[in-house]
Ligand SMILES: C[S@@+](CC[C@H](N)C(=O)[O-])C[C@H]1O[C@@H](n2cnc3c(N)ncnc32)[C@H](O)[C@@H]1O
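Take a look at this single chain in structure tokens; it is the form predicted on its own.
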Amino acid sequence: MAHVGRPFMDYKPPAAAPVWAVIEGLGRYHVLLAALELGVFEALADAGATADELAGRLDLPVGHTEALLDSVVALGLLDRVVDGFMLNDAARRYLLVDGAASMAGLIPVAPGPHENWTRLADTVRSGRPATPIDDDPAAFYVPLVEGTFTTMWRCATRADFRMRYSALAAPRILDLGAGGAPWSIAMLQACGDGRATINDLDGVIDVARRKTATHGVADRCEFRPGDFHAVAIEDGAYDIAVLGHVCRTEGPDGARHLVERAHAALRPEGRVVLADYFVGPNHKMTPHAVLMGMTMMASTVNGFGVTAEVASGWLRDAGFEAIRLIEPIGFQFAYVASKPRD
């Protein structure tokens, strides 16, 4: 007699919440994209508004505007009080164009080409993305490095609490694949007599030129456009070498080569900074890094997720010592390691 003393109604099937969260993920992302594209957050920057008032400001239909606003509230990125909508702290900090830690420019480009996600199964079958960003890297990386600059600059600035690079009198910095050069800028701002050699691809390096000029350090920078695997680098000439979020695009052999180039470029006791999203031993505890690895696989020829164990192994194999992992801001990690004395 099955279920004697335990009615069938006691059975509870597994919760479908994780499945629904994935299904809704696409819609959540596009709700945020639409709100950014329509200027919702900027329109609410000075004061809250009703849906009717905001629709008038943005020349939008009221019903559609209210539906979008309510969805953004559901995402936790706006507040609603009765009929009024207003920015909350997260929106003011991360979603305004001039927010203290703005991600407004990053959000549209962070996933890579959107069409590649719709063909992910084909990528897994073939081992190559449908539209690899490697085919036209500048077209993709220019908006990406513009969008990531604020976050990376905050990370580099906060890293000084653990690295103490500001204690160096006149460091010489090598920044390979620098993007907008957030690490070089932070270090040069902290070290008045420092100098930086900044490298990235033609087109992308123009972003670094603009950012260093805006932050008042361009006169202490030398710009070397070209492939970071082949660009000329002096041996034993630098105090700090930066590999900021570049190793995960290169595949194991390419990443190992970059770490070896950094080691050769450093003076004895010089330090390397290898910043990335590192997958930990328990993948469930580092979902951001795991999914960043999938983003790489979806849109690059050689890209992959980087585990903490593999990254520290590259550093050890290249000859670095005193290897330590720091987290200057949330989700932003960096290995710091030293070249031994002669």
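What you see is a predicted model; the values in this text were computed from it and never measured. From 1 onward, residues are counted along the sequence shown.
In what follows, reference is made to the form predicted together with this ligand, a form of this protein that is not presented.
Not one of 112, 132 and 295 is positioned with any heavy atom within 4.5 Å of this ligand in the predicted complex. At the 4.5 Å threshold, heavy atoms of residue 246 reach this ligand in the predicted complex. In the predicted complex, at least one heavy atom of residue 199 sits within 4.5 Å of a heavy atom of this ligand.
Contact annotation: residue 177 falls within 4.5 Å of this ligand in the predicted complex, judged by heavy atom distances. Interface membership of residue 227, defined by any non-hydrogen atom within 4.5 Å of this ligand in the predicted complex, is confirmed.
The partner is absent here, but in the predicted complex a heavy atom of 152, alone among 152, 87, 185, 173, sits within 4.5 Å of this ligand. Contact with this ligand in the predicted complex, defined as a heavy atom within 4.5 Å, holds for exactly one of 191, 255, 145, 159, namely 145. Annotated contact segment (heavy atom within 4.5 Å of this ligand in the predicted complex): 137 to 145, selected among 96 to 104, 161 to 169, 137 to 145, 264 to 272.
Of the residues in 46 to 73, none comes within 4.5 Å of this ligand in the predicted complex through any heavy atom.
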